[in-house]
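For reference, the chain that follows is the form predicted on its own, supplied as structure tokens.
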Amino acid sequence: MGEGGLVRTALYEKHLEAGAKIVDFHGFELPIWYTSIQDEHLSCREKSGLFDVSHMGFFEFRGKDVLSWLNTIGTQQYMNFANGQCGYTHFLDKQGNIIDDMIFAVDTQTRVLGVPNASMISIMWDWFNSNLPSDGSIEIKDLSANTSIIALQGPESSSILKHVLGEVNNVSRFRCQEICVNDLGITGWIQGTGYTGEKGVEIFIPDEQSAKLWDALVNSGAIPVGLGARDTLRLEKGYLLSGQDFLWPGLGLDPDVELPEGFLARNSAETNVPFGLNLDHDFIGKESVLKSLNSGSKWHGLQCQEKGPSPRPGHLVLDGPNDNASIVGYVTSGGPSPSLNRTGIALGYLDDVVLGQDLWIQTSPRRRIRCIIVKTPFV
């Protein structure tokens, strides 16, 4: 435990040794950067990036019918997944609002692992338990407290991983397995997933092994990256951020920026994410999703066509540059893109728009920046 009740991950001292700028992130003391967001972002795109994401949760689901049970509460079709496969899913409330999104990994047909967002661990723990079968056939364990999560991302991630943990642990995209015997004696779980859009893995290990693995990866060429670049990397790939691009109304919280009431209460169809939603089975909240498939606002990418202040969450999006223009939506994520020479990019929920359409973002009280609707990822 750190100052003021903040939680320090097992890698906290490693971050200090590397000169990290530490911030409070959802109650955890984590690095926002080591050198600069720009440099770390480009390092991950061009070479490698090493992230401490131990603030994320780690759940284990066990039971003979665990996949069919998850089918009833998640938007993904779990029954389609074989052993050693990962996937992405949403969990919705009865009104169809996204409670949380999650990467899951099928170890066996009776054991599934899931990664809830940091601020949603206790919420999802309660929600899963409230939906358990009454016969006790499904068991859930929260492994978060004693698990470190290290993400290795980027074009060089495979070669670094093979050097440190061996070819046998070099899993491919959206594949997963128990960590096989290696020279370092590292144990745990590894999966070909991540939040950057680059090739890479996420490694789940006991806290006491984290410093050894971190040092070995750094010594083999992995470059530490903070939360700042983690956010710009996911923005360029058009990935949702819990609490910013959707916010479950059951939390009773207001967004961090000024938006219309309930604006971030969204279902899977409204997010427009092209994976994770399968309508060939029944699940909690499906009726709302079906109603939104072909109507209502949708989450789109916007790329600025002019220089000026960068788009930021809460900015208005309008259908014209003049005073009589109509509001078509709001930015939920935005900023300068390091990979696109700091061109402004944004994500937001927009009404009745089409790809390629010109829109304007109110990036300051006196400035509207012309942008076009683009299909994500931006890079």
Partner chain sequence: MSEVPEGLIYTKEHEWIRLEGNEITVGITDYAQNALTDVVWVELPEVGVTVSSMESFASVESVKSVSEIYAPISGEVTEVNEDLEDAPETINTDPYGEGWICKMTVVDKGELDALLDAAAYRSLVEE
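Numbering follows the first chain given and starts at 1. None of these values were measured; they are calculated from a predicted model.
There is another form of the same protein, the form predicted in complex with its partner chain; it is not shown, and what comes next is about it.
Peer 1: 349-357, 317-325, 65-73, 30-38: which one contacts its partner chain in the model of the complex at 4.5 Å, heavy atom to heavy atom?
Peer 2: It is the stretch 30-38.
Peer 1: Please run the contact check for residue 156 against its partner chain in the model of the complex: heavy atoms, 4.5 angstroms, yes or no?
Peer 2: Contact check for residue 156: no, nothing within 4.5 Å of its partner chain in the model of the complex.
Peer 1: Residue 336 versus its partner chain, in the model of the complex: is there a non-hydrogen atom within 4.5 Å?
Peer 2: Yes, residue 336 sits close enough to its partner chain in the model of the complex that at least one of its heavy atoms falls within 4.5 Å.
Peer 1: Would residue 144 sit within 4.5 Å of its partner chain in the model of the complex, counting heavy atoms only?
Peer 2: Close contact is absent here: in the model of the complex, residue 144 is far from its partner chain, nothing within 4.5 Å, heavy atoms only.
Peer 1: State yes or no: in the model of the complex, is some non-hydrogen atom of residue 308 no more than 4.5 angstroms from a non-hydrogen atom of its partner chain?
Peer 2: Residue-level check for residue 308: yes, a contact with its partner chain.
Peer 1: Heavy atom within 4.5 Å of its partner chain in the model of the complex: which residues of 345-379 meet that condition, in order?
Peer 2: 364, 366, 367 sit within 4.5 Å of the partner.
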